[in-house]
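Take a look at this single chain, the form predicted alone, given in structure tokens.
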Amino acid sequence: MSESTLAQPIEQALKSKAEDRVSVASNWQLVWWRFRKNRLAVLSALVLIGFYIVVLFPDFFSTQDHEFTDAKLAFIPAQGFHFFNGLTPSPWVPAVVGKRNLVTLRMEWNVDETKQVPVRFLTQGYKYKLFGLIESDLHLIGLADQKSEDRIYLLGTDRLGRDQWSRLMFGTRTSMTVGLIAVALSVILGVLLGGISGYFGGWADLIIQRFIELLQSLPTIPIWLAMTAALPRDWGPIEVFFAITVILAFIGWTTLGREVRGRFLSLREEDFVLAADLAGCSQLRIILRHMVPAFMSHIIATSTLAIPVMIINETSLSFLGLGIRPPAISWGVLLQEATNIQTLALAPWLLTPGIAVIVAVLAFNLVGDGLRDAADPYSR
């Protein structure tokens, strides 16, 4: 008997086993199996996981206190990080040397590549409270010699001598959290009001749809201007943070509400919904237990694509001075430092928060596209 003849039963057995595995798999397993085939989406998901690790531990990733100011250290250029000293794995950054300009009397800083400042991973630094509870001084990167007067400026400093890298870590926490919370509120409003509109119909459907049309017909920027201008100027960063989140959610739920309504209109006539109704299930249970899970993967994919829109909106509002305000830090607040042409000429590294915005938005879009394709049973 030939080898090909012997191999056929084995191949058929493996194929049958794979088909059995697919036939009993849940919808979430099928979505995951299809999603992980999209390597670009998986890579983008890893990038987002990295962003949200920074969101959880910004102090750990910071090299200095993000609130420390010293005008004498203004506009220090970014120090390049080196992992090797020759062929030896020994991380270091070049030192910065300052010299006062005799004409403008301004301190001018330059990177001196000939002088190395040794750095170390997982070392001690300034003290902070992890999650506001646990005291710690552990940082990802710090000086190898704690007694040294040198400092690390991975992304340089701004006009007040504040470390741009440390401020970027805290700005990431704010901007990424605003997008996530705003989309969560939008999903709640969209599913709730869209579900009521599609399931009950009648006057409820008429009122909700006219309200959605009213919101969608209003120009977005004037609405942002009006609602943010109504915020009291004496509000603290936390109050402004939640107010901006509510504003973004209030404007952003309408599209999902329309989509949920359409899905409910088609699902309410399905056999499993009628069977649940005949079995005596309450309307709330039918909606939450039977109808919403039927297209939960679509909601997740849509939400993933909505998060970058929220991030862009928050960044734009903060950049224009209408959103989160200093001393709070977000990507938009950091980009405010780069609005001056003279500042950009002196310190182009202040544009690095814009790179973070681009990377985060692109990653969210790629993950959203991957989830949408994975959740669509008719996609190829």
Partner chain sequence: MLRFIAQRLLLLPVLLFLFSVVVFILVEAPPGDFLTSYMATLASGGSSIETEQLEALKQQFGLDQPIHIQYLRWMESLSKGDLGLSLEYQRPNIDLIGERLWLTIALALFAFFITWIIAIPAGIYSATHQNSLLDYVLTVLNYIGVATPNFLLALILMWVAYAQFNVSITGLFSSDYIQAPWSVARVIDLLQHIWLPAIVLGIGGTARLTRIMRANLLDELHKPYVVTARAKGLSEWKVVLKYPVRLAINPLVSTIGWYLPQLFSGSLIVATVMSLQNVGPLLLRALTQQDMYLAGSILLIYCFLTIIGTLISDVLLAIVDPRIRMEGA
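Residue numbers count along the first chain shown, from 1. All figures in this text were calculated on a predicted structure; none of them were measured in a lab.
Unshown form predicted together with its partner chain; subsequent notes refer to it.
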Which of 45 to 53, 60 to 68, 28 to 36, 332 to 340 sits within 4.5 Å of its partner chain in the model of the complex, heavy atom basis | 332 to 340
Taking the shortest heavy atom distance, is A328 within 4.5 Å of its partner chain in the model of the complex?
-> no
4.5 Å heavy atom contact, S217 and its partner chain in the model of the complex = yes
Distance check, L371 to its partner chain in the model of the complex, heavy atom within 4.5 Å = no
Considering only heavy atoms, tell me if L225 and its partner chain come within 4.5 Å of each other in the model of the complex.
-> yes
Select from the listed residues A279, L206, L122, A229 the one whose heavy atoms reach within 4.5 Å of its partner chain in the model of the complex.
-> A229
Is it the case that I188, V240 and T254 all touch its partner chain in the model of the complex, with a non-hydrogen atom of each within 4.5 angstroms?
-> no
Taking its partner chain as it sits in the model of the complex, which residues of 319 to 348 have a non-hydrogen atom within 4.5 Å of it? Please list them.
-> F319, L320, L322, L335, A338, T339, I341, Q342, L344, A345, P348
